[in-house]
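In the form predicted alone, a lone chain appears below as structure tokens.
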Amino acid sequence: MSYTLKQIINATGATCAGQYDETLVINGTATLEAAAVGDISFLSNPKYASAAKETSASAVILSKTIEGLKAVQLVTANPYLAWAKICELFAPDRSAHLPANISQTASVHATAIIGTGCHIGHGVCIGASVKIGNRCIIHSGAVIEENCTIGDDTEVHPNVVVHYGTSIGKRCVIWSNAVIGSYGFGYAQDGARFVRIHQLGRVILEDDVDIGACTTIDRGAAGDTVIKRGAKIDNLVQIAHNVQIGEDSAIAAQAGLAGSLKIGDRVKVAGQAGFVGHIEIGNDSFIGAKAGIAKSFPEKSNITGYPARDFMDQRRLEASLLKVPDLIKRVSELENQMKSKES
């Protein structure tokens, strides 16, 4: 699959610096270091400007022109967004491998309703009263239990398990081995023994939600666990019962969210962050990597550390800790001086 430079410019809205040949053919994408003639690459961080000067790419997406760059420079305010649009152009067309039919090896309950243009792969199991919208792709080995609903144009990758009663919106993507709607970690104690508390809620994924591979989302204990429109969840994330995640929020890999946590809209959570339950994180906040969040924070908070605190407070604390060895040495010297005077 190839595109002319003119087609690339039209797709990204970028402007071309200097003279260029709009019929230049772009054959693929690559990093600055790996690019060959005919490839397009991107530069979003100025510290890699030297790599851009040495690249063999035919074109580079960037935010500002760089003097001495051999490649055609496509300038845009948001290179990473332009790169996303280019990657969409070059994404492989898998339609030949995903025909709009139901595999003979799939098990589809007689009461299930499958929309038009759907691909139901080998070994898929679809339970009673499931409703699947139009143009959905359910890959091999996926299990959709009874009373689930899946909206139009949603893709469920191999070996995903969607437990009973789950609601999934339109244009969602759920990657391999994710588990949606399993029981939350709820137990009462009878003496030393644990008694399971049945989880009676559901999981609701609104439209345009992405769920990463091996991520687990527990069903609600009484109410529902809700992932709102446009939220993006990375691989290996644990989301406990009754969690609510706001619109357009993003949670990176290995984060752990305890029960009844509420995360606002447009919140970004870095990898391995951990949250206690029953707290709230306000809209437009940022949570740093490996942060331990044990209390609520208001909107537009920028927090990191363990326990989590304001980003600048944490940095000041870290800077102070670096001075501790010198302070200990000085105190020891002062003690020795006092002992000498006393003697």
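Between two forms, the rigid core is the largest collection of C-alphas that superpose within 1.5 Å. Heads up: residue numbers just count along the shown sequence, starting at 1. Everything quoted here is computed from the prediction, not taken from an experiment.
The following text describes the form predicted in complex with a further copy of the same chain, which does not appear among the structures shown.
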property: Contact test, all of Val143, His157 and Ala178, partner a further copy of the same chain in the predicted complex, heavy atom 4.5 Å; result: yes
property: Partner contact for Cys136 in the predicted complex: a further copy of the same chain, 4.5 angstroms, heavy atom; result: no
property: Close approach of Thr166 to a further copy of the same chain in the predicted complex, 4.5 Å, heavy atom; result: no
property: Non-hydrogen atom contact Ala188 with a further copy of the same chain in the predicted complex at 4.5 angstroms; result: yes
property: In the predicted complex, Gly230 touching a further copy of the same chain (heavy atom, 4.5 Å); result: yes
property: Answer option from Ala100, Ile113, Ala77, Cys125, heavy atom within 4.5 Å of a further copy of the same chain in the predicted complex; result: Cys125
property: The unique member of Gln73, Gln272, Thr149, Gln244 whose heavy atoms fall within 4.5 Å of a further copy of the same chain in the predicted complex; result: Gln272
property: Residues from 246-262 in contact with a further copy of the same chain (non-hydrogen atom within 4.5 Å) in the predicted complex; result: Asp248, Ser249, Ala250, Ile251, Ala252, Ala253, Gln254, Ala255, Gly256
property: Exceeds or equals 2 Å, Cα of Ser332 between this form and the one not shown, core fit; result: yes
